[in-house]
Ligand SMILES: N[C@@H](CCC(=O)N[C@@H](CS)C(=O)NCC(=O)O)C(=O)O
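Only one chain is included here, represented as structure tokens and corresponding to the form predicted alone.
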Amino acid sequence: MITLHGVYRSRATRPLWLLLESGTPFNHVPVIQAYRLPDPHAPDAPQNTASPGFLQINPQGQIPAMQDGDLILTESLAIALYLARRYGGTLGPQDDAEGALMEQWALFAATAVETPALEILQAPSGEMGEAILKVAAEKLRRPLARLNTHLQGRDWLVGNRFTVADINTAECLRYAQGHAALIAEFPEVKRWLESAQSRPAFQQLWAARMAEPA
């Protein structure tokens, strides 16, 4: 059985959403980030990214990590792509062209979307935060414009159906959702993101995330 290490308040949401969408059985090990603990090495500390047992799975000390038989993967987007191909049915590629497109959107999300989206999420209050928001929003406008154009006349990114491409891209963009004015500039993106997040599997994911300690 698949074992997924990582809490819901992490990038583990990407493979977790895929698993919930596909109904694939899995073992969830809630490994927490070490930086969130007063002393991750304390005898009573929960399993975390500095725990010796977890470091044997991912020596980089980051979550998520997935085990499926002898295979170990430690990058969230790659895990989601693998799970979609092997267990996801129509969530995964149905031919080589779809596979290439799903990989393209994952790389697009990782290289063009996630970093400025995180800058928006983590911007402090005050003048410094406003300056960071302005720069990060400008970085996002070009990829969002591309995404907006692609979604015209389409409900989803690949194959006119919901797939892992939507999961990976939506989860990277979610970090910027607090900048409502920016998202509103791109109505097709806004529509698509709201549609993805209205799905029952995402709602289940989000409820589990909110139930975890912040």
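Don't overthink the numbering: it's just position in the shown sequence, from 1. A quick note: this is a predicted structure, and the numbers were derived from the prediction, not measured.
In what follows, reference is made to the form predicted in complex with the ligand, a form of this protein that is not presented.
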So in the model of the complex, does Glu119 come within 4.5 Å of the ligand, heavy atom to heavy atom? no
Is Ser51 part of the interface with the ligand in the model of the complex - any heavy atom within 4.5 Å? no
Contact label in the model of the complex: Gln67 to the ligand, heavy atom within 4.5 Å: no
Gly61, heavy atom within 4.5 angstroms of the ligand in the model of the complex: yes
Would you point out which of 69 to 77, 100 to 108, 125 to 133, 82 to 90 contains residues with a non-hydrogen atom within 4.5 Å of the ligand in the model of the complex? 69 to 77
Along 21 to 42, which positions have a non-hydrogen atom within 4.5 Å of the ligand in the model of the complex? Gln33, Tyr35
